[in-house]
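Okay, here we've got a single chain as C-alpha cells, the form predicted alone, with questions on binding and movement later.
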Amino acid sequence: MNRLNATTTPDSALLHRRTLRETGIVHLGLGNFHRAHQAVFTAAALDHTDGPWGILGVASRSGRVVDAMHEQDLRYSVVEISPQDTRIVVPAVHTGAFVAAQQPEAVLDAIAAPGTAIVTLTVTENGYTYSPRTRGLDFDNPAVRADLSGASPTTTIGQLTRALQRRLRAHAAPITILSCDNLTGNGTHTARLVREFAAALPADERDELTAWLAEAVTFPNSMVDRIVPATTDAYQAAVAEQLGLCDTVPVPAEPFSMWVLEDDFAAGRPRWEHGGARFTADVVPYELLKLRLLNGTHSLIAYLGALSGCDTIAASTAQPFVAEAARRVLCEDYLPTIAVPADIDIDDYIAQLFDRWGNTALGHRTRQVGSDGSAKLAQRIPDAALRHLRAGRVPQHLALTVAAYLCCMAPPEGFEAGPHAAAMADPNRASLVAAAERTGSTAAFVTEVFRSGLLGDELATRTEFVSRVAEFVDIIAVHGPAAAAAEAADQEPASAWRT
C-alpha cells in the first residue's frame, strides 16, 4: 500500500490546495490536539485566503510524529469519527518539523526568524513550569534555573523568552504568542510567566527586553475545544480503507470543534474565522464555560469511570450513576459559578456535551482524560468551590471529583483502583503515594494534600470541604465509586438547571 504523501493525497481529502512557501507560525507541542485543531483551522483559512501561514511544528522530546511526517511530506490525516460517520481530511499546512530536545537552538532561531509572526502553544498545563500556589514562574524548578543560567533552554517559558531576546537583538519585529492550552486566562498567564523570566535576567539583558515585550509582543487569550483521543491502529485502518493509503500518524477527533480568541495580533494572522473561529474582546466567559462545564465534568467522568473499570469516556458515561454525577457536578456545582456567553444556548450546550461524551466510536480513554490531574484540577476546582463555600454551601460533587482523583493516584490501603487509574500519568503521583503511606489515616492524608498547595492555599483552609473530600475517599475505598456518587446526590437537592 502506498504511503500518504504530497503525490498520493487525494484532492477530495485536502482542506486547501495552495502551495506553502513561507512559514509564519511556529508551533510548540506537535501533538494530536494541535494537528486536529489549530492546523485544521489554518487549513480552512488558507482555503479562503492565501497568506504566509505555513506552520513549523516543534515536538518537545519524541521524534515519532516528526519522523513520520517527514516520511509523508509533512502530511497526515485527521479522522473525524462519530457513530454515524467517518470523515477523513488532510490539513497539509506544515512547512517543517523537528524535535526541540534534539535541536534546542533551532527553536530559538525559528521564533526569532523575521517571517515568524505567531508562536502557538499546546504544551499542556504542566508545560508552563509555574507554581500552582502562586501561579508565578517556579524558580525552584531546576530546569527554570538552568534556562536562566544561559544554557540552551528546555522549558517552554525559557524557550519563548530567550527566543524573544534573540529576536529583539536581530530585528525587533512584532510578534504574537498564542497559548492554546486549558489555562484560565492562558494568554495573560503566559505573558506573566515570560515577563517574570525576563525580570530575573541580569540588568543589562532585562531592561531593554522588558520594555520591548510591552511594546511589540501580544499575548491574546483563547479558548480551544475539541476532543482528540490518542491514536490507535483502528484509525490507521480507517485511513487505509477510505483513502487506500498508509498513514502512520493519523489523528482521531470528534466532529465538534470550537475556537474563541481575542483579536490582538501584533503582526497579522490567518483568517481563522473562515474555519469557524470566533473573535471577541472577552474570552473569559467562554474559557470558564469550557474549563468548568466540559473539562471539570470530564475529569469526574474519567475518575469515576476508571475506578469502576471503564476504559473509555463513553463507557463511563453509559453508567447511570456516572451520568447522574456528571449532570449534577455540571448543573449544580459548576454552572452557577459562570456567566454564560450571550450567544450560547445553555440547554443546547449541555445536551451537546453529553452527546460528545457518549460518542462510542471515538474511544476516548479515561486514562488520557484523567492524566495530569494535579495541574488540571487546580484550574477547575478551587474558584468554583470557593464560590459555593463562601455562600455557605459545600459543593458535594466537586469534593467527589477531588476524592476520586486521589483514589486513582494513591489508592487507600486494601482498595484496588484498577488498571485504568494506574495508567494515568501525573507528576504528583509519587508524592501523593508517599503522603498516603506517611500519614496513616485518610483525614490526615487529605489534609496534607490540601496543605501542600495542590488546590491553592485558600481552599486548604476550608475544613468543611477538606473533610468532605476525606469522607468520599473512605466511601470509595469501602463501598465503591457508585456509593460515593449516591452519597453526594443524597446531600443535594435537584437543581433547577438539571435537564
Ligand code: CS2
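One-based numbering along the sequence shown. Computed from a predicted model, the values in this text were never measured in an experiment.
Missing here is the form predicted in complex with the ligand; even so, the following discussion is about that form.
- In the model of the complex, H298 approaches the ligand with a heavy atom inside 4.5 Å.
- Contact between E262 and the ligand in the model of the complex is not found at the 4.5 Å heavy atom cutoff.
- At a distance threshold of 4.5 angstroms between non-hydrogen atoms, L294 is in contact with the ligand in the model of the complex.
- Not displayed here, the ligand is approached by V224 to within 4.5 Å at the level of heavy atoms in the model of the complex.
- The candidate site formed by R162, H189 and R206 is entirely out of contact with the ligand in the model of the complex, as no residue has a non-hydrogen atom within 4.5 angstroms of it.
- Here the chain stands by itself, but in the model of the complex one stretch of 275-283, 373-381, 95-103, 397-405, 373-381, has heavy atoms within 4.5 Å of the ligand.
- Of the candidates Q368, T218, T312, T116, Q368 is the one whose heavy atoms come within 4.5 Å of the ligand in the model of the complex; the others do not.
- Contact annotation: of the candidates R271, H364, R195, R327, the single residue with a non-hydrogen atom within 4.5 angstroms of the ligand in the model of the complex is H364.
- Looking at 167-200, the one residue that comes within 4.5 Å of the ligand in the model of the complex, counting any heavy atom, is N182.
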